[in-house]
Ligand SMILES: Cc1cc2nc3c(=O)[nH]c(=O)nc-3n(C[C@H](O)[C@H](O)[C@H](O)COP(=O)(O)OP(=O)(O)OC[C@H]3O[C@@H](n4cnc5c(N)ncnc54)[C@H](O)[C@@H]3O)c2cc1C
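One chain comes next, on its own, written out as structure tokens in the form predicted on its own.
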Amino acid sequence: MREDILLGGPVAFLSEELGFLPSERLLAYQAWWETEGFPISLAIDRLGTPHLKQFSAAGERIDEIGYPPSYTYLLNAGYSAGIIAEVAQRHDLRLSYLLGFITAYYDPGLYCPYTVTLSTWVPLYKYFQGQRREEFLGLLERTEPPFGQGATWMTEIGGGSDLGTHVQTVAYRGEGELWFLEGDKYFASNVGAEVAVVAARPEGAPPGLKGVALFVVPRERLLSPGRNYYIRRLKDKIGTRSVPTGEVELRHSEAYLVGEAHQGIYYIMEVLNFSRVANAIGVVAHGLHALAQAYKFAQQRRLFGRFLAEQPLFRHELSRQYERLRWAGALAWLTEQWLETVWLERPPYSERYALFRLLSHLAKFWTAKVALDAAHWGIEIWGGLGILAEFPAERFLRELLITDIWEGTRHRHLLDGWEVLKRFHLHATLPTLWDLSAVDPSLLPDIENTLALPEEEALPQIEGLMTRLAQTIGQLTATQRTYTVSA
């Protein structure tokens, strides 16, 4: 294990693992986080979380989010660095995710606004052709403050894993291209955003996923002055406190249909794909930070006559955790590279897109597990100090507990990944891309045997198989460096 890389911060890890010389932009962004951003982030997490002001002094409903004075300064740093603008101007997804890795190393909650803003921009850019297209895109593509932000609101009280059942928000047709939405979103991240893409069911649409469409909802009304959606309350979360998450009330809210209504579920899945890749990259970064802080603490903690960092069992476990993060990072960046090649596709998608979908499911659930394990081990290294809010170890665990279920729980990704593997017969394609047998000789035979079983017998086995598949692809990629990344 390269201890200098572990202690060198996110750019050192990226440079070593992905094999590029870091740009001045990345180095400057990390330096800003070290000197200014991270102290602000710590203060916001402890003392300065957002709050909701629902009424003006005149009793008018205003639903404004109040932020700590330094929050906007913190948020603007990523937008100013080009985390969204470079995608809009040059389709540079890679730079956006590299900047996201650095952001999430210090604060995965702050990476959420950037992620959902990008995930809002993508369907508007690809599919929205309404009269306000340039206005909405221009808002999100700003290169100087004030920056416009996006949000992606799908989840309702029943949960987000079964959108076909639980999307109850109804869309009613208005005049021209205008629609009106009625419903409630229960987990709305980056609440208060200037524009959001929202899942809703057009009146008279069929039940299930085929009846779900995607709409764009602006913050302000056009037909009459005032807010276009209302914020019932903000969530009191254990972590990711630097992004306001709330409950949104859509009450005759003005909206515009994105693309074709009957293809809405495809657009929604594309939105989620961008967020899942970001989640995979972000959790690896934050897990790496948890590991680095544990190692720094072990260097000064003296036990039984010598420093903990010098003791064999500690060094063995540190190397094991670091190696697993390397493999997880390799899987995350491999998935990002595949996203770069397919993100402009439209349905019906290619087989390559199906392979990307499989990678995205593997990367989302497995990277989150590996990073959470690293943070949990970090608590053990800190001992009793690890559970005290005045030290950083407990925050790493809190943040990664949330990112473990963001953008889909483990079982959702296991089921979806297995479904795409089976439907497109990807087990036959995988050996042409990766020599899986070099790491796990029985993996492909075990997958093929399980695919042949009845569903009630196969499904209890898929977690073990998909975990092995994720780790094997990550390990091979980390060893062979079978991706190319530049910055």
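Keep in mind that this is a model prediction, so the values were computed, not measured. Quick note: we count residues from 1 along the sequence shown, nothing fancier.
Same protein, other form: the form predicted in complex with this ligand, not shown, and the subject of what follows.
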Looking at 138, 159, 130, 208, which is the one with a non-hydrogen atom within 4.5 Å of this ligand in the predicted complex? 159
Answer key, this ligand contact in the predicted complex at 4.5 Å (heavy atoms) among 372, 154, 77, 181: the residue is 154
Would residue 342 count as a contact of this ligand in the predicted complex, using a 4.5 angstroms cut-off between non-hydrogen atoms? no
With heavy atoms only and a cut-off of 4.5 Å, decide whether residue 407 touches this ligand in the predicted complex. yes
Would you classify residue 412 as touching this ligand in the predicted complex, given a 4.5 Å non-hydrogen atom cut-off? yes
If we define contact as a non-hydrogen atom of the residue within 4.5 angstroms of the partner, is residue 309 a contact of this ligand in the predicted complex? no
Residues in which of 299-307, 90-98, 188-196, 280-288 have heavy atoms within 4.5 Å of this ligand in the predicted complex? 188-196
